[in-house]
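Only one chain comes next, encoded as structure tokens, the form predicted on its own.
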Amino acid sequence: MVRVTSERVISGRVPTGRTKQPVTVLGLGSMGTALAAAFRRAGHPTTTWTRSHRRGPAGTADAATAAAAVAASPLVAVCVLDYQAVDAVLAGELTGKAVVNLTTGTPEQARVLAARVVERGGEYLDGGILVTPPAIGSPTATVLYSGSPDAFQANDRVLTALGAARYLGADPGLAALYDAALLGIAYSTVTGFLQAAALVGREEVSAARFLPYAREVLATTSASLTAVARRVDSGEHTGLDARLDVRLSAVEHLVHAGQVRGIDTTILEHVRALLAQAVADGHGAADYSAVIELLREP
């Protein structure tokens, strides 16, 4: 069996001067269309199929059925509504096929689907796309993969047509797990900025004017995560920047400032409740990382 190093990153393009591997894309929503276009731009003969019979991007071949599309290529990328839809479009024999599922789902769904693909004779990779459709195939795009190491080893250069390919390991649920965790960071960050913009906006400060200061805080916060991760893994919540009980007092002021200005403070109230419980549990002298103990056992 081919061994693939965990968290391996592949970037770059397939060398020119030889016939490139055919690829099939099932699903032509915004993301599926972007995937098909990126494969085609990279020179891969690309077959597409979608339930609505929508035509694929210029230069791709439209299959009449999902089965015909699967038969056309050794690599089958799927990006449809959900994992139930993936299972439906892949019904049938998959011997010799590498299935790359780029549909959003849960780690549990990925593990079940991987087993079903293997039962049908195929190899399975689950994927987590970290960019929006317009960025697919650009230098800033990254896609996470987990599942069959043999399938990744055989197709890693093809997958770079979509962006940098980062392999997380043989467990097919890892890509979906990382994807959910990273999206949680993204949504929390943007929502935090929107709440801040609402707050300063009450004093006639525009979001654009406030943005440079937000970026500075985000950069500082990002730089502190190395120490936070170390404390989380060790369980030793020391090496203080500020005590948790002091931070609780600061959050009280943040909630008050929002309430006085009539903006929604639900997020900050939740943070306040977490800090208050951590202090009540005896972590008042600890670092902010101690909140992880509450998040692990809500």
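The structure presented is a predicted model; accordingly, all values stated were derived computationally and were not measured. Don't overthink the numbering: it's just position in the shown sequence, from 1.
Keep in mind the form predicted in complex with another copy of the chain is missing from the figure; the text below concerns it.
- Comparing 116-124, 220-228, 151-159, 87-95 against another copy of the chain in the predicted bound form, the single stretch with non-hydrogen atoms within 4.5 angstroms of it is 220-228.
- Contact with another copy of the chain in the predicted bound form holds for none of Val23, Ala37 and Ala71, as no heavy atom of theirs lies within 4.5 Å.
- Although the partner is absent here, Thr266 lies within 4.5 Å of another copy of the chain in the predicted bound form, judged by heavy atoms.
- The closest non-hydrogen atom of Gly262 lies within 4.5 Å of another copy of the chain in the predicted bound form.
- Using a 4.5 angstroms limit between non-hydrogen atoms, Ile136 is distant from another copy of the chain in the predicted bound form.
- For Arg247, a non-hydrogen atom is located within 4.5 Å of another copy of the chain in the predicted bound form, even though that partner is not displayed.
- Residues Ile185, Ala186, Tyr187, Ser188, Thr189, Val190, Thr191, Gly192, Phe193, Leu194, Gln195, Ala196, Ala197, Ala198, Leu199, Val200 are the ones in 185-200 with at least one heavy atom within 4.5 Å of another copy of the chain in the predicted bound form, listed in sequence order.
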